[in-house]
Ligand code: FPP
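Heads up, the chain below is alone and in the form predicted alone; it's given as structure tokens.
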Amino acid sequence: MDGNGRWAQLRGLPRYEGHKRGVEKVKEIIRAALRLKISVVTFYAFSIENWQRPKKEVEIIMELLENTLKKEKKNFISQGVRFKMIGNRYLMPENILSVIEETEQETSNCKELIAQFAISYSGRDEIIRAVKRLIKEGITPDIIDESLINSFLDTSGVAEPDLIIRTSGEQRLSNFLIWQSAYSEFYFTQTLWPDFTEDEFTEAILDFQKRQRRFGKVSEFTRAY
């Protein structure tokens, strides 16, 4: 979800107005995902690197996160949305983490959609934490495989992403789901996140449906010589 700050600056507004507008877009895309019967959607909300932003901006983002979860928890439950955080919880302020974990617990039985929020997240950090847990549990190298590593990641039990959408014209992963995205399809758009609509989300899905995914194999339509 890239472009909140730029969206605000282009309109002569403080950056936090872009973040506020971005939250409304999250709600819109969750509704669209429910309508399209998508099982999992993951929002890259706040990276580990984002902790280095100006203190005031970080405080505003954390406050916005806390207030939004408190307000939206009932909607999550009524819509059947299970909220889940992926990311480094040890770096989170205690009061914010408390609200996050309370929301996770109270929506744990929701079945319509898993809404993962990458908060205090870094793909490399996730892998490092998984390796440390493997070592701590005394797991020997001979039994380590992809399935085992998957089970130690923050996304354990959730399907890998079929499609990754990046807004604002940037064309890079920025440390997002770097293990899980090995065979993901990508959709890049110049649209800043606060201007991203349900229609463009649907357009991205339709574009994805036209693609042929081979996962390293030869297409069944390719003639062998």
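The structure presented is a predicted model; accordingly, all values stated were derived computationally and were not measured. So that there is no doubt, residue numbering starts at 1 and follows the sequence shown.
Unshown form predicted in complex with the ligand; subsequent notes refer to it.
Peer 1: Can you pick the stretch from 23 to 31, 195 to 203, 173 to 181, 153 to 161 whose heavy atoms fall within 4.5 Å of the ligand in the predicted complex?
Peer 2: Selected range: 23 to 31.
Peer 1: Closest heavy atom of residue 65 to the ligand in the predicted complex, within 4.5 Å or not?
Peer 2: Yes, residue 65 is a contact residue.
Peer 1: Determine whether any heavy atom of residue 41 comes within 4.5 Å of a heavy atom of the ligand in the predicted complex, and answer yes or no.
Peer 2: Residue-level check for residue 41: no, no contact with the ligand.
Peer 1: Is there a heavy atom of residue 53 no more than 4.5 Å from a heavy atom of the ligand in the predicted complex?
Peer 2: Yes, residue 53 is a contact residue.
Peer 1: Closest heavy atom of residue 48 to the ligand in the predicted complex, within 4.5 Å or not?
Peer 2: No, residue 48 is distant from the partner.
Peer 1: Within 1 to 37, which residues come within 4.5 Å of the ligand in the predicted complex, counting heavy atoms only?
Peer 2: 1, 2, 3, 4, 5, 6, 15, 19, 22, 23, 26 sit within 4.5 Å of the partner.
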